[in-house]
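A lone chain, given as structure tokens: the form predicted on its own.
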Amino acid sequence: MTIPTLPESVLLAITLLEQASFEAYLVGGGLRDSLLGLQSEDYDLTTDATPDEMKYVFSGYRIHEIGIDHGTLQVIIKGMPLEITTYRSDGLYLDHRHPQSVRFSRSLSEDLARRDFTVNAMAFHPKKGLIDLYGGRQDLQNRCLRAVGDPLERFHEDALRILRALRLASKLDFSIESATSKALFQESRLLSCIASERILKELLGILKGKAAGRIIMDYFSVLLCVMPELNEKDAEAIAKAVEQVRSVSHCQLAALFHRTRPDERRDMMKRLRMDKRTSQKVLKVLEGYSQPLPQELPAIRRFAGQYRDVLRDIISLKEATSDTQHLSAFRKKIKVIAQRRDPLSLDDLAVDGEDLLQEGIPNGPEIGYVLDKLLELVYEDPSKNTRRSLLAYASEVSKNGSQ
């Protein structure tokens, strides 16, 4: 297993804390991923220095008090943000999410004992090596996710750990140890205590993971606790679609929702507080997906123009759900349309509203009506997308419309 090569910023932070007579270790996901030989996205440190003591040590650096009540500061060193947290133990978790209180500690072992999974409960020092009190390194080698201590207690304390387990298992393609898995199912009802934004964030992480299909299939009943609109009989079809769609988040969400009704999708998106842009794209993908693919060129141009920004996603979802009737022929014709640069939207027309105004067509709804007619014309015959042809046709449409 790879011994972490730490960035210069991390080494400097450890050195500065030790020069001030404090301990410091790399912990968390950055250490876990480094041990797996993966590119780390962020680095977290833990120390016996209190927040006030850290402020003194890093007085020459930019500091953000992102979680000072829980002992966490973000320190920017050589352009890299590092989250550094004081050793601590947690009080009671009365809301199944946050400890009522925290107590700062001078003990690394006490700090590691409060963490969620063994693979996240290790600490590393460039000279002292790996501190592994719970068998996290062995679990990494076995590609297994196991709770620290009693899994029921861990999930009862913080129900978000349930979805975090699924996200990590999906991301790393790990199995979930049997007792941890059993507790996860048992405590899944507590997900009702978790804020929608946090649920959505973990859900997106699950969908992006390389084992997303397997995790969705194996833990579908857990997902039903946060998305009751899904139907358990659709688990296999949904898992297959998610597994095969490898795209941006709105396409992955479309794969997850593709067996639901439009009103159910809107309810889920609203409850999960999905941002408007993502919601609109998911709905647009699913709207296009629900329609049969046209086969005649004018209808294909019209379809491609209507769903231009999500056309690839619609095709991907059709492929992922084995809805492949006419798909091969459709793809070939789309390729020809793209190569010829056939006009697909109003922006592709050789004239615009200003040109029509100069031709004497009244401003207002009539301009939009005429432009739509011009677009229909070039859907039927792209060769007519010239200024001369379009202005002549626009004059004819306007004249006939006014009679």
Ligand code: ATP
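Numbers for residues come from their place in the sequence shown, where the first is 1. These numbers come from a predicted model, not from an experiment.
Although not depicted, the form predicted together with the named molecule is the subject of the following passage.
Answer option from Glu354, Asp52, Asp347, Asp42, heavy atom within 4.5 Å of the named molecule in the predicted bound form: Only one option qualifies, and that one is Asp42.
Listed residue (Arg312, Lys171, Lys333, His326) with a non-hydrogen atom within 4.5 angstroms of the named molecule in the predicted bound form: Contact check passes for Lys171.
Residue stretch of 355 to 363, 368 to 376, 26 to 34, 65 to 73 approaching the named molecule in the predicted bound form, non-hydrogen atom distance within 4.5 Å: Stretch with heavy atoms near the partner: 26 to 34.
Proximity of Gln252 to the named molecule in the predicted bound form, heavy atoms at 4.5 Å: Heavy-atom contact with the named molecule at 4.5 Å: absent for Gln252.
The named molecule contact in the predicted bound form: Ser316, any heavy atom under 4.5 Å: Residue-level check for Ser316: no, no contact with the named molecule.
is_contact(Arg214, the named molecule) in the predicted bound form, heavy atom dist at most 4.5 Å: So Arg214 does not count as contacting the named molecule.
The named molecule contact in the predicted bound form: His125, any heavy atom under 4.5 Å: Taking the distances in the predicted bound form, the answer for His125 is no, it never comes within 4.5 Å of the named molecule.
Those residues of 142 to 159 which, in the predicted bound form, come within 4.5 Å of the named molecule by heavy atom: Heavy-atom contacts to the named molecule in the predicted bound form: only Asp158.
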